[in-house]
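Heads up, the chain below is alone and in the form predicted on its own; it's given as structure tokens.
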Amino acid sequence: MRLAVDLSGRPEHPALAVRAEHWVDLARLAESGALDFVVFDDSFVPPGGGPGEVGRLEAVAVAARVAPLTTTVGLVATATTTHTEPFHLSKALATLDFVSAGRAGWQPDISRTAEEAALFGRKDAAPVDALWREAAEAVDVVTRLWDSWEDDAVIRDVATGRYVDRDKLHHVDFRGEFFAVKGPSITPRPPQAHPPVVLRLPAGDEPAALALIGRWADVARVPSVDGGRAGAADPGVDGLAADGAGRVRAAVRAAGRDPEEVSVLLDVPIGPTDAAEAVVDRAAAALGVGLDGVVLVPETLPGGLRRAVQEVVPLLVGRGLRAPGPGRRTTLRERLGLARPANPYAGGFDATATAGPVGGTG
């Protein structure tokens, strides 16, 4: 089973949230438990000024700080597409993939509120359907920009003084509903080519979000009928989780992709009083209703993560749900069983033929 952890939980001391050592320690702790990846949360929602709130660091930068001090765990950074340009996102995430030696991942998200829009002052808040369509278009553009350098574009030819073969850099020439991007990127193609895309299925009915997942998700996170509480009375009964997994796989199939290539994971919160055994029961139940694993979501950090690594992981290994031993040093795509994608531009791909709203096969 796949096993990951979301690091959005409340720090046990508020000052930890803005200390680099906190995030490094969390990632190393997850790595010691051989978890597949960690998710660094991010949002443009400003702190509410309540007790213990000291602010929020930027997720991609945090992951980049953690990367040189870890070796095996995947580093998935949340980055919203609503008020961020795809060109900037493509460069930041490619950089993260380089500094982590191919362990980067991206969790796209949207910014829904007028309060968030006012922080930027560039555009008003939009209907949620439009926000998800914009997100889908942003992922499309980012992927094209990653591909705008062929793998062997960097030649370092000392004799001629040429660092890059210009014939192997490509304009993406994307023009859609929300973005018009010429390209190419200024950063070479990432080590993984495409850092895996992790997407959360909203609890409500948001068709455009499901369409985005169907087209672009490498990993899909789904909620459960009771919020995924590890202490649920009957963890085997989880209709919403099963329904979510089915909807995800149907959307992937409708987008012309193989549903077996997408990992569908159940979010499982871990509270301070939840038993270890209950978490493992929930994980086993997730596999029983067609999911591929779980994302543990400790409510407090680092204590909740420490319990997960020291208590939950050994029980999963004992039940045969996880392999024993340390994680392998490999790329996140390889860890998730994903092939490295070919570059369509290297085969004479015509970007202008498919550029369009939410569209394309780039």
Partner chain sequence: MSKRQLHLAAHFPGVNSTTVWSDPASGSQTDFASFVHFAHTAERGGFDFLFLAEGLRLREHRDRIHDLDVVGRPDTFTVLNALAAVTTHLGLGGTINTTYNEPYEVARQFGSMEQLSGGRSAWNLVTSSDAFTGENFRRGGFLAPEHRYRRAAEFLQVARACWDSWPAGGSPGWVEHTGEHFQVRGRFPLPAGPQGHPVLLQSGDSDAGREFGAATADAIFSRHTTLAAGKEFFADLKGRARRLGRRPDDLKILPAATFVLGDTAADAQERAEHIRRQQVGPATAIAFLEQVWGRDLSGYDPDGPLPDLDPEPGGVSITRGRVRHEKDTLAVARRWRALAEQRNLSIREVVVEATARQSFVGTPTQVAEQMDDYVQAEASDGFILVPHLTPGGLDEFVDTVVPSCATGAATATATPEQRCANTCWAGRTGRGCSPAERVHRAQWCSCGPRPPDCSGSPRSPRRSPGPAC
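Small disclaimer: the values here were computed from a predicted structure and weren't measured. Residue numbers count along the first chain shown, from 1.
Keep in mind that the form predicted together with the partner chain is not shown, yet the notes after this line are about it.
- For the candidate spot formed by Val60, Trp149 and Gly183, every residue has a non-hydrogen atom within 4.5 angstroms of the partner chain in the model of the complex.
- From the list 264-272, 277-285, 200-208, 162-170, the contact stretch for the partner chain in the model of the complex under a 4.5 Å heavy atom rule is 162-170.
- Mapping the unseen interface onto this chain, Pro326 falls outside it, with no heavy atom inside 4.5 Å of the partner chain in the model of the complex.
- Residue contact check for Pro68: one or more of its heavy atoms lie within 4.5 Å of the partner chain in the model of the complex.
- Contact check for Ala254: every heavy atom lies farther than 4.5 Å from the partner chain in the model of the complex.
- Contact between Leu119 and the partner chain in the model of the complex is found at the 4.5 Å heavy atom cutoff.
- Of all the residues from 84-103, those having a non-hydrogen atom no more than 4.5 Å from the partner chain in the model of the complex are Thr84, Glu85, Phe87, His88, Lys91, Ala92, Thr95, Leu96, Phe98, Val99.
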